[in-house]
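The form predicted on its own is given below as one chain in structure tokens.
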């Protein structure tokens, strides 16, 4: 019969339409904007319309979710930022779209380069979020962020992030990627222990 497929499709749409209102009654008007209902709508028991009502509702991001890179820093005993980045330039070399620019610091007295970036910039419009920079960084100085709300009205003025905009503390990295952070700290502790044993042995 001609048109049977269209009727079947309309039947599915009608079913979801009716179940949406039925679920609204079942949840007593609390079907949206709470984590419990969102988990149900995203699971196997979902009925009716299960579209996320963004931005009022947001899905929980998986730990390996990635957007633009950021620079990791630690605070010393004086509260000063100590960047892990040594301005080696590996991240900019492996970057496929070439959107990372680094300017290395120099000693004012000797003129020799200092292992610290005086400027670190990323064009977030060019960045393809591949994660190569974080993967190849030998100092764990650059990581991938979870912040995806990056839109603005002026991309020329606001979409080239400088060192200050890219800087985030180690505690932030630990909060968005706890499994990776724990694994890295364990490896770092084991390396320090091995080094200490070699020095005393």
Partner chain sequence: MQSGAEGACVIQGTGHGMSEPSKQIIHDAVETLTSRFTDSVKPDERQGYSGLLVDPQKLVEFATVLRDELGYDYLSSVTGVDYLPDGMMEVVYHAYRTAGGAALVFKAQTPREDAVVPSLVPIYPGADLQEREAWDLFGIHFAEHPDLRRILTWEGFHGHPLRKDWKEAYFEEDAKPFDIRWPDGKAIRVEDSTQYRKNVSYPSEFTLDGWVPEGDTLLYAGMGDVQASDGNGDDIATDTIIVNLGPQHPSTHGVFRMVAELDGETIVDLKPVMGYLHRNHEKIGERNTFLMNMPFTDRLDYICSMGNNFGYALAVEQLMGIRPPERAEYIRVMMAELTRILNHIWAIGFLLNDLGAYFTPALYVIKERELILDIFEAVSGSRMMCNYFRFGGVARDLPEGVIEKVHDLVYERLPRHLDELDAYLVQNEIVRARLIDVGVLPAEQAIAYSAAGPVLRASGVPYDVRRADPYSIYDRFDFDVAMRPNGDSYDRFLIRLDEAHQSLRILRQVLRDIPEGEIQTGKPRHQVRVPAGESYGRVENPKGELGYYVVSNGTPNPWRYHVRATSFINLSALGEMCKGHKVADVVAILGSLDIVLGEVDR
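Definition used throughout: the rigid core is the maximal C-alpha set that superposes within 1.5 Å between two forms. None of these values were measured; they are calculated from a predicted model. Positions refer to the first chain, counted from 1.
Below, we turn to the form predicted together with its partner chain, even though it does not appear here.
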Legend entry - Contact flag, residue 62 vs its partner chain in the predicted complex, heavy atom cut 4.5 Å: yes
Inset, instruction - Find out whether any non-hydrogen atom of residue 163 is located within 4.5 angstroms of its partner chain in the predicted complex, and reply yes or no. - result: no
Inset, instruction - Consider residue 15 of the chain shown here, and say whether it contacts its partner chain in the predicted complex, taking contact as heavy atoms within 4.5 Å. - result: yes
Legend entry - Contact of residue 93 with its partner chain in the predicted complex (heavy atom, 4.5 Å): yes
Inset, instruction - Scan 15-47 and write down, in order along the chain, each residue with a heavy atom lying within 4.5 Å of its partner chain in the predicted complex. - result: 15, 16, 42, 43, 44, 45, 46, 47
Inset, instruction - Take the rigid core as the frame of reference and indicate whether the C-alpha of residue 66 shifts by 2 Å or more between the shown form and the other one. - result: no
Inset, instruction - For residue 182, decide whether the Cα shift between the shown form and the other one is 2 Å or greater, given a superposition on the rigid core. - result: no
Inset, instruction - Kindly check if the Cα atom of residue 38 is displaced 2 angstroms or more between the shown form and the other one relative to the superposed rigid core. - result: yes
